[in-house]
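Single chain ahead, written as structure tokens, the form predicted on its own.
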Amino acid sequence: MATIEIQVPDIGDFDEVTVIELLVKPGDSITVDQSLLTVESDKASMEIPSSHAGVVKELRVKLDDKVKQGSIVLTLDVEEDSAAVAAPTAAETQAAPAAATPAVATPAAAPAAAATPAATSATTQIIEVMVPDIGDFKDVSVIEVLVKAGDTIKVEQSLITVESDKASMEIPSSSAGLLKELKVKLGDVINIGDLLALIEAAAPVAAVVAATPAAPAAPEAKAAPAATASAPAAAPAAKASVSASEPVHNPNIAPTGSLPHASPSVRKFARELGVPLAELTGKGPKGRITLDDVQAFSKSVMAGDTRTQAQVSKTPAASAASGNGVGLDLLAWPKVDFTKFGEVERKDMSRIKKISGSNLHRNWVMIPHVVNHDDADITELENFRLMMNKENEKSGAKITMLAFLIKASVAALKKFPDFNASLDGDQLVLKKYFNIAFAADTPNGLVVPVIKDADKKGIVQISAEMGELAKKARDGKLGPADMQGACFTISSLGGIGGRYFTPIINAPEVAILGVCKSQMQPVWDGKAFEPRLILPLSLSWDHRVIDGAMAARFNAYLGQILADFRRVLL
């Protein structure tokens, strides 16, 4: 065995960052790329991985320490072969900054020289804002857009928030001016050098921005190669001179914005439990949300606790040995080596399935589901649908049974308004609009687009809009606005098969309708059996808002409408 030192790698354009979380301890066996600690700057939190595998011998950092590239994180006992590989790597790491320092001034000077003629040739200029060096990350996803076209942007103002599997960070603007066009949208995957935005800047402002970095470039180029610290120091100085009126970041104040203040590992833990971070108040430094905050929130919800989070956090956590079932005192998830039993294949889950999986887990655990199964006679309705499609055959417009279900659901929601509601604490929010969502199957998983104001649209218009949304879903072009604002959801398996199932309520809605494939069945009319087309209905409802009698009446009324669609006019 040999002992090596694990250092902070290149973490991008950050000087000193704060240690906010320790993920290992002495004696732990770690693997290559396993996260060791979480650090945070004023723009991002990220996890620092290990470059080698071995056993942790000693931690060299503690919470709230300041670290930077090259800082020693811990010592690691590794096998002799691994230590031999690590030795030249460490030597190269020390030599690399010295060799690279003289070249730092060259790129800084070149853009300055290039920007100056543009500034003097016109009163305004269009500046391309690129994704800067964001460290050792590739293919990061845009999870939040913080500005829009027409906004006035300041230097270093955050434009978007991106997230990798290790970190979430805000991407700032390198220039000030009027945002002409944003070149990225939610869900896009970007990399360093990608075009982010076009900003229109006044020439005098652009000239100052271009000239300011050029001034320290000359002495920086003459600096000795060993003075590696001068390059990082020059950048903040240049930024300060450009935007002297900008407020300096205060490390004692939690970052603002819609994203909760939490590390990537805490975010991941919260997603797995279905905990909405926006509803938590962090008890960590600067209001940071910690693992304990997430666990305390989950336990209070599972126990039906009405106390505040501050009161809950003072209560000792329930022991796992007690097994009382009201907290998170569950057995650990089984770890199985599946390769012992035969050949296996591993593949990553799609992003849609990851997101929907977390939401479904939360909804199933936190909503008391009850399901009513019923049948609707749609014989006459199906005949009418086929007749309408035959008449409209030349126009190409095709009416689906789901369009009739949407219209029928609107009529039922109007008669039973508690189904068109959402819980907000101890209050029931009754909605006066009728937006109906429907589950659409795509190659990457189920998505749920929304038909807005379905009560104001006819069957033909609803069918056409459903077709457009379904196509966008299959092409992966659905935007957030297409999937927001639903009051009630319909999940249809009619084109596939099945008899009955239990659909999971899509919070914050209080009910969801599941329909399966219709079948011809013999039905007794009092004199004889007649063949009738029967549609199976499965209604899941939130027992906190709806009781069994109301659910039975809702299903019965819905069946009556589908049996005689003229009732929607009543």
Ligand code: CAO
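A residue's number is simply how far along the shown sequence it sits, counting from 1. Since the model is a prediction, treat every value here as computed from it, not as a measurement.
One more form of this protein should be noted, the form predicted in complex with the ligand, which is absent from this view; the next part is about it.
Not displayed here, the ligand is approached by Gly495 to within 4.5 Å at the level of heavy atoms in the predicted complex.
The ligand in the predicted complex comes within 4.5 Å of a heavy atom belonging to Ser491. Among residues of the shown chain, Val147 is not one whose heavy atoms approach the ligand to within 4.5 Å in the predicted complex. Contact annotation for Thr400: at least one heavy atom lies within 4.5 Å of the ligand in the predicted complex. None of Leu291, Ala464, Ala440, Leu182 but one reaches within 4.5 angstroms of the ligand in the predicted complex through a heavy atom, and that residue is Ala440. Checked against the ligand in the predicted complex, the residues Ile352, Ala470, Met130, Met388 give one hit for a heavy atom within 4.5 Å, which is Ala470. Proximity to the ligand in the predicted complex, taken as heavy atoms within 4.5 Å, picks out 431-439 from the listed stretches 431-439, 344-352, 452-460, 410-418.
Every member of the trio Val515, Ser518 and Leu535 reaches the ligand in the predicted complex with some non-hydrogen atom inside 4.5 Å.
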